[in-house]
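Presented below, as structure tokens, is a lone chain in the form predicted on its own.
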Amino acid sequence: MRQNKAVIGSAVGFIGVMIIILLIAKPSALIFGIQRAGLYAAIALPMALVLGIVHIVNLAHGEMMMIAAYLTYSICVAFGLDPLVAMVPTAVIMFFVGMLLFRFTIRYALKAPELNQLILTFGLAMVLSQGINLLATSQPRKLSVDYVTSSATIGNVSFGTYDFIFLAVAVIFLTGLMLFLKKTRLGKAAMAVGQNPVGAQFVGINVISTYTIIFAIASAMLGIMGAFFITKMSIFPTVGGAYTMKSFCLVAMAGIGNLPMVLLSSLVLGISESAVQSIPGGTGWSPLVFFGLIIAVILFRSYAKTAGVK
């Protein structure tokens, strides 16, 4: 507990320092960093949910969001819908896709060594990306919607306002998950399964069914994010890989099962990347930020543990 408080305190202190520096030197970088943090958090929270309850790292995480984005694109083109309307059927379809993926693949690797689990989900990622590559080719797809170009000006700083929707989605995801896990019967059962699956089974909880529903809920969340993602970004078969890595980085920084810390970790990552990009010539270095951050967090946790901070 004290170790987690130390990590949280360090993260809050880092964010505070960066906010002060960027407010003085580069306010636009701070705004872009917060917007980017919202995107990262909204994508990472489903992975954190699965890892915290099911205890499996899903390396097909980003590819599932990519599938959702392509599905949204197809629905919009076929029926002339706005992507934020197409989000509803996309989320429903992804719920059942997640259920089927878990039932027919992942459930059989739950008791396997961690390496086998990683290989399985990595294989799923390859199947999904290559399948889309064969069906849709590698040509980027993009939906044009007018509202993503909305902007505002504060003093001498002009910035787009639409990207704040990702932060709003992340907060809604986090609030919804916390209420679900603490206030609903299924959520409490999921918490019990995540903490002690054997004990939960003894008291009558169907562990596999609980795992299946949690994985399906996470998949539906990725369906929602796929719809939001395509409103702003182009999609192509390999677009999800980077978000899998960043989500894993954020979950590792936050600690397994610590959903609120995912949002805080996303602020650290998003603001850090934006700060590096604001430096002349720093754009090429920003992808290395999250690797540096995860190394720093792991070293800090190890130091805190050996120093007796638990």
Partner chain sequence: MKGRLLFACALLLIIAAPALIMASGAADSEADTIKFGGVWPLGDITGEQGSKAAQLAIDEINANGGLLGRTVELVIIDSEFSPEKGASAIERLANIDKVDFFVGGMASGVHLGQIPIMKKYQKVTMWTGAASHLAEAAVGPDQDWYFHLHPWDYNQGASYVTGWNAIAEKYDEISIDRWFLAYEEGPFGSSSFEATKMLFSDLEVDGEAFQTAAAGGGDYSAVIERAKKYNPDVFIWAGYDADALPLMEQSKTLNFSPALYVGAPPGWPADFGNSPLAENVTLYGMWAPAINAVSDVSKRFSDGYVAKYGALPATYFAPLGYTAIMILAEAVEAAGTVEKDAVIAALEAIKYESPLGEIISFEPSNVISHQGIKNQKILQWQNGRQEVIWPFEFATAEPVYPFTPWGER
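Since the structure is predicted, the reported quantities are computational estimates derived from the model, not experimental observations. Numbering follows the first chain given and starts at 1.
Just so it is clear, the following notes concern the form predicted together with the partner chain, a form of the same protein that is not shown.
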Discussion item. Check for me whether the partner chain, as it appears in the predicted complex, comes within 4.5 angstroms of all of R185, N206 and Y211 - heavy atoms only.
Written reply: no
Worksheet item: Is F164 a contact residue for the partner chain in the predicted complex, using a 4.5 Å heavy atom cut-off?
Response: no
Discussion item. Under a 4.5 Å heavy atom criterion, is F96 part of the interface with the partner chain in the predicted complex?
Written reply: no
Worksheet item: Just to confirm, Y70 within 4.5 Å of the partner chain in the predicted complex by heavy atoms?
Response: no
Discussion item. Within 4.5 Å, heavy atoms only: does Q277 come near the partner chain in the predicted complex?
Written reply: yes
Worksheet item: What is the one choice in T175, Q201, N133, Q195 with a heavy atom within 4.5 Å of the partner chain in the predicted complex?
Response: N133
Worksheet item: With the partner removed from view, which of 147-155, 220-228, 78-86, 165-173 is the stretch that lies within 4.5 Å of the partner chain in the predicted complex, judged by heavy atom distances?
Response: 147-155
Fill in: Residues of stretch 226-248 in contact with the partner chain in the predicted complex (4.5 Å, non-hydrogen atom)
T231, K232, M233, S234, F236, A242, Y243, K246
